[in-house]
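Shown below, as C-alpha cells, is a lone chain in the form predicted alone; questions about how it binds or moves come after it.
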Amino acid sequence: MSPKINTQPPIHSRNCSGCTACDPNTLTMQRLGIKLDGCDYVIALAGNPNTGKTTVFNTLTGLRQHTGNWPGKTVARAEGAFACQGKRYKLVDLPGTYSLLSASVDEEVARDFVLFGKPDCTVVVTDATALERNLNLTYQVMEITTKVVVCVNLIDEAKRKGIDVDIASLQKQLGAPVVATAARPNQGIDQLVQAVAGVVDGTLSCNPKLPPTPKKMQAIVERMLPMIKQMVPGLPSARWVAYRLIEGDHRIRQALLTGELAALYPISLPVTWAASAQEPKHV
C-alpha cells in the first residue's frame, strides 16, 4: 500500500472555509512567459540544485529555457511571469544553491536578491525525497524574510519511494505555508499559486520558527543585536545580519555601515544616531 501523503493546500489565517478565494478549482492562472510589463509583485524562486526548481518555474510561466545573465555575473538569469485573479506576478529564478553564505557567485546572487531585492514572496523549492538536507536553505531564507512559501516538490517521486511527507506537520514546524507539488505533471501548482497570493496580500500568516542561536554564539549575538537594530530599526533579520558579521561577510558589513540596509528598511518614525557611533566589535 502506498503511504498516505497529505497534499492539502495551506489554511488561511482567516476563517474563510468554502470561499472561492480559498478554492484552488476557482483559480484562473495564466502563464505570461516573458511578458514582464505591468507586474504587481515580484516572486523569488530559490532552492537547492536538482529539486525541480526550474520545472516549477517553467510550469508557472510557460517558458522552456533560461535567457541572459545576472548583471556583471556569469550566472544564468531567468525571469517570467504569470497572472492570477487580476494580479500579475514576476517570477525570478535564482541560481540553485545549498546555502546563502556567499561562498560562491551563485550564493552571492541568490542572497543579494532575497535581501536587497526585497521580493514580495520567496518560494523555496525542496526535494520531497531529501527534505532534511533541503531545510538548511529554507531556514536561511526564513532568517532573512518572513514572506516565504515552502514548495515540497517531487512528491510523486517520494510516493514511489515509499516516503511519507506530512505537509501539515511540516507547516506547523516551520511556521510558514507549505505546499506539496509534482511540477512536471502539474500537480499542486494551483495550490502553490494560492499560497503565494495569500502571503503577498497578507491573508496567509507567516511566522517562521527558526532554530535557536547556537550556545557558543549567544553572548556575542546578544551584544550585537541592539547595535544592529539601532542602525537599521526596521530590519526584520537583525539576527541573520549578526551571523553574517561574525562570519566576516564584507558585503553585509558595508551595507550596514554605509546605510544601504537602512535605506531598504525605512520606518515611519525619524531615527538618528551619532555619526561617530562605534562599529560592532567582534566582526
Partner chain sequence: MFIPFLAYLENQALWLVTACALLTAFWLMLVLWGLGRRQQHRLEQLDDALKLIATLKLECHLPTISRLGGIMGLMPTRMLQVVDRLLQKQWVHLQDDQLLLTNDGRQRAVHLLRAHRLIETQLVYDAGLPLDQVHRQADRQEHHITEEQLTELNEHLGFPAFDPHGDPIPSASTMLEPDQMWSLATWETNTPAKVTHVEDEPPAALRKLLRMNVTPGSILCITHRDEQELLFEVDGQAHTMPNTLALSVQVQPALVKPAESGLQVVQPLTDLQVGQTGHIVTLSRSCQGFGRRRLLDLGLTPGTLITAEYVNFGHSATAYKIRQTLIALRQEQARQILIQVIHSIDLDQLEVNSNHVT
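Positions refer to the first chain, counted from 1. For clarity, every value in this text was computed on a predicted model and none was experimentally measured.
Not pictured, yet referred to below: the form predicted together with its partner chain.
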* Considering only heavy atoms, tell me if Arg253 and its partner chain come within 4.5 Å of each other in the predicted bound form. => yes
* To do: May I ask you to state whether Cys84 is within 4.5 Å of its partner chain in the predicted bound form, using heavy atom distances?
  => no
* Asked: Do Asn207 and its partner chain come within 4.5 Å of each other in the predicted bound form, heavy atoms counted?
  -> no
* Does its partner chain come within 4.5 Å of any heavy atom of Ser99 in the predicted bound form? -> yes
* **One stretch from 86 to 94, 117 to 125, 131 to 139, 187 to 195 that, in the predicted bound form, holds residues within 4.5 Å of its partner chain by heavy atom** => 131 to 139
* Given its partner chain in the predicted bound form, answer whether the residues Ser104, Glu107 and Gly248 all have a heavy atom inside 4.5 Å of it. => yes
* Residues from 204 to 233 in contact with its partner chain (non-hydrogen atom within 4.5 Å) in the predicted bound form -> none
